[in-house]
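What follows is one chain in structure tokens, specifically the form predicted on its own.
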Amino acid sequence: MKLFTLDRDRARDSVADFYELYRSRPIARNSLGMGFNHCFATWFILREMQPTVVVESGVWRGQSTWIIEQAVPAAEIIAIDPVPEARVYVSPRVRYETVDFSRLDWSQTDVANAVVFFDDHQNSYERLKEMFWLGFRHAIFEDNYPCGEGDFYSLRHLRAGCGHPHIQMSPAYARTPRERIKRWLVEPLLRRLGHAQKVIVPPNDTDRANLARNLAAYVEFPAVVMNDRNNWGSEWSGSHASVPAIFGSRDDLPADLCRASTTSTAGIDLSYCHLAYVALGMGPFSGTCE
């Protein structure tokens, strides 16, 4: 299967069509799930690549499952989540599993023409190693936290060398009583376990160097349009800097979407967390990096 490369003009021209589709989504307000920017990115990448198999690790309420179905209606879809009772949208054509991605038997799956969609808040570096061992080469990572944010070791943490030295990096969460107790009781134990655990990762350059040996492509998909502030209420600068959005402002959006994105009752969530496409190959990095 070919690598995904971003054609910004083609993406821009696809936004209006996607919005018409998005208006029929099964979950109008997808609390704690994907908003418009990440739904569009997932749909566009999969539609361009047309894999025969999509593995979804992290289903939550099921909005992402529906997006995957719309992008690749002929593909086999395997959706994995340990908490099936949270699902709102359930499809009769999807195979559902509750066993972790790394523990399933993929020997009968067309892994060469598959894309794995990770939205499971697990260590991204470990997920890359697992998918490589199992034969998968293409993945989308829905959450890609910048340094200083997030509850797992993300691709951005890995590529910046900043590690993930606490269970929860975002200051707004770290100050809560629950997170303070975790840091006091749990983190010392995790550090003593070292590589036997995958939650706390010290800053390092080794992971980045090892990834580069097997990386064929890394593309951070841009937001369709950005909120004035990022998900954590700060500016899009420093470690939070992002690739330029497809549209510079809401005023540039197609008319219907522009109106919907500025109306509080429309449920158009423009959150964005640097969703990325990754492809693994062999040898030194030779792909795209956007």
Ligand SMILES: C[S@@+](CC[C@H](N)C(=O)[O-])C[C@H]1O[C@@H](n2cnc3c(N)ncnc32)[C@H](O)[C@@H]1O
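Residue indices: 1-based, along the sequence shown. Remember, predicted model here, so these are calculated numbers, not experimental data.
What comes next is about the form predicted in complex with the named molecule, which does not appear here.
- Contact with the named molecule in the model of the complex, judged by any heavy atom within 4.5 Å, is made by just one of Pro188, Gly135, Pro203, Pro82: Pro82.
- Between the options Val55, Met34, Leu46, Leu257, the residue in contact with the named molecule in the model of the complex by a heavy atom within 4.5 angstroms is Met34.
- Residues within 4.5 angstroms of the named molecule in the model of the complex, judged by any non-hydrogen atom, belong to 61-69 and to none of the other stretches in 47-55, 222-230, 235-243, 61-69.
- At least one heavy atom of Asp100 is located within 4.5 Å of the named molecule in the model of the complex.
- When contacts are judged by a 4.5 Å heavy atom cut-off, Asp119 counts as touching the named molecule in the model of the complex.
- Using a 4.5 Å cutoff between non-hydrogen atoms, Arg156 does not count as a contact of the named molecule in the model of the complex.
- Contact check for His164: every heavy atom lies farther than 4.5 Å from the named molecule in the model of the complex.
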